[in-house]
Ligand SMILES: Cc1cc2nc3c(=O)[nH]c(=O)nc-3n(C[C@H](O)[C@H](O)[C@H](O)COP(=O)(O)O)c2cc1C
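Next up: just one chain, as C-alpha cells, the form predicted on its own.
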C-alpha cells in the first residue's frame, strides 16, 4: 500500500491547518493516480530544412515542421544558410524543401550549404534517411534542378531516401500537400502511432489563414491605369492603383501582389479556329464546372507556354519526326531552348497539326492559367487601402504573329477604371527594409525594377527614417523613360532620397547601364557598405542582376583592398546578415 506524505506534528502550522493541508495533499495524489500515464517514449526527431528564394519553400517547410511538431515529433525548422547549426552526420532523418533560382542555380540562402555539400571533404551520411520536395517551373528547361541536385548529392554521400522526391510546378500547393501526407504516414508508422496518417494531419496555421488567398482571391477595384513613359518611347510602362478597402488585406513594403489575368480573346479565337474547335461548345473541367470552350481558354488555361513536357506530348500525338529528332538528344538542351524561344502553343498547332477527337483532349495537355506576381510599388502608410503596381505592357511580333502579355495587356487594355481584378497578397520575407530606421539603404532598380524602391522611399518618408537612401535607376532614354521622375525629384528636394544615379542606355553612342554607374561611384558605395548600408537589387535576373553582382564584387575587392575570395566572403556575410537582398525575375 502506498504511503502518503504528510505535514508532521512538529510543523509551525496549527492542528487545523495541518489536517487541512494533509487532506489537500492526499487529494492531489489521488487525482494524479487516476490520470492516464504520461508516455516516456522519446520524440522522433525530423529536422526540416528549406532553400528558398521567394519564400514559397520557406513557407512550406515551416508549415511541415509545425504540423509534425503538433503531431508529437521533434521537428525544428532550419534555413539552409544556417546549416552549421545542424550536424547531418548525427541526424537520422531530414526533410529538405528546395526551390531553384534562375537557370538551375541554388537560391541565395543555399549557396554556401550547396558548396559545402559538394565538397570532397564532406563526411559520409550513411545514417541519414531523407526526403526532398523540389519546387520549380516547367517553363524553364532546368525544371526543379536544385532540388534534383540536392537529392542526388545526398544519395552520393550514402544517405537513403525514406520517400521519393516530388517535383512541383508553379501550382505546387496540392502536390506538396499530397507528398507531405505520405511523409506523415511513413513517420507515423516509424513512431509507432496507432492513428492513421489522415487522422494525424494537423491544422497548423489554419486559424491564421486569411479569408482572401491564392485559392480565394479578392475581387478588387482597379482605380487607376496611367502610362509612365513619354509619347515617343518605344516602351509602355503602366502605373496601376488597386483598392483593397474592405478586404482586410494588409502588406508591408517589399511584399508581392498576385493577380489573375485573362488571355487575350483575339489569341483564343485564332487558336480555336486553327484547331477547328467551336468556341461556343460546352466543356466540363476537372473540378466539375461547365463553361464554353472559349471562356475556359480565356480564363482558366495557359494557352501560351510551350515547355519540354508539352513538346514531348505533342511529338507523341502528332508523330512528328522533326520534334522527335529534336527531343532525341536529352543532353543537347540548347537545341530545344532555341526551338522554344518565342514559340507559343498556336505555333505548335500551325507547324505540327494535331488531331483531337474532343476539345477536352486538348485541354488535358494545358497548364492552369496561374497568377502573375508583381513587386508592390507603394507604401501602405502613404496609400492606405490601396496597392500600386508598376508593370511593363508586353506586346511583340514573333514567328509571324502578334503576341500579347497575359496580365499586362489584360490590365492595360481590358480592365477599365472601376473594373474588377482578382488579387491576393504574398509576403516576401527575403526582401525587407532594415529594422532600424537609421540604417543606410542602397537600391538598384532599372526599368520596372524601380517598383519596390518607390515603396521603400515612400515608407522611409512616412516613418521619417533618418537613414540615408541611394537609388540607381536606368532605362533607354531620359526624356521619355524616366519613370516616376517628378516624385523622385521631389523626394530628393525633401532630403528623403539622398542620392540618385541614373543610366540612360540609348542617349549616347556608348550604352551605359546601372552597373557602370556603380563602378564610377565605387569608393562612395564601399564607404556606405562599411557604414552598415543594406544593398538591394530588383529586376532582370539573367543579365542585370548578374552584372550588378559582378560590379559589387569588383567594388568590394578594389576599394576594400580584398582578394576575389575575400570579396566573395564579404558579400556572402552580407547575404547571411540580410544586408544584400534581391528581388529578381
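Numbering follows the first chain given and starts at 1. The structure presented is a predicted model; accordingly, all values stated were derived computationally and were not measured.
Although it is not shown, the form predicted together with this ligand is what the next lines describe.
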| query | finding |
| --- | --- |
| One residue of 278, 137, 332, 299 in contact with this ligand, assessed in the predicted complex (non-hydrogen atom, 4.5 angstroms) | 137 |
| The single option of 470, 83, 218, 143 touching this ligand in the predicted complex, heavy atom within 4.5 Å | 143 |
| Interface stretch in the predicted complex with this ligand - options 179 to 187, 99 to 107, 281 to 289, 317 to 325, non-hydrogen atom within 4.5 Å | 99 to 107 |
| Proximity of residue 54 to this ligand in the predicted complex, heavy atoms at 4.5 Å | yes |
| Residues from 554 to 585 in contact with this ligand (non-hydrogen atom within 4.5 Å) in the predicted complex | 584, 585 |
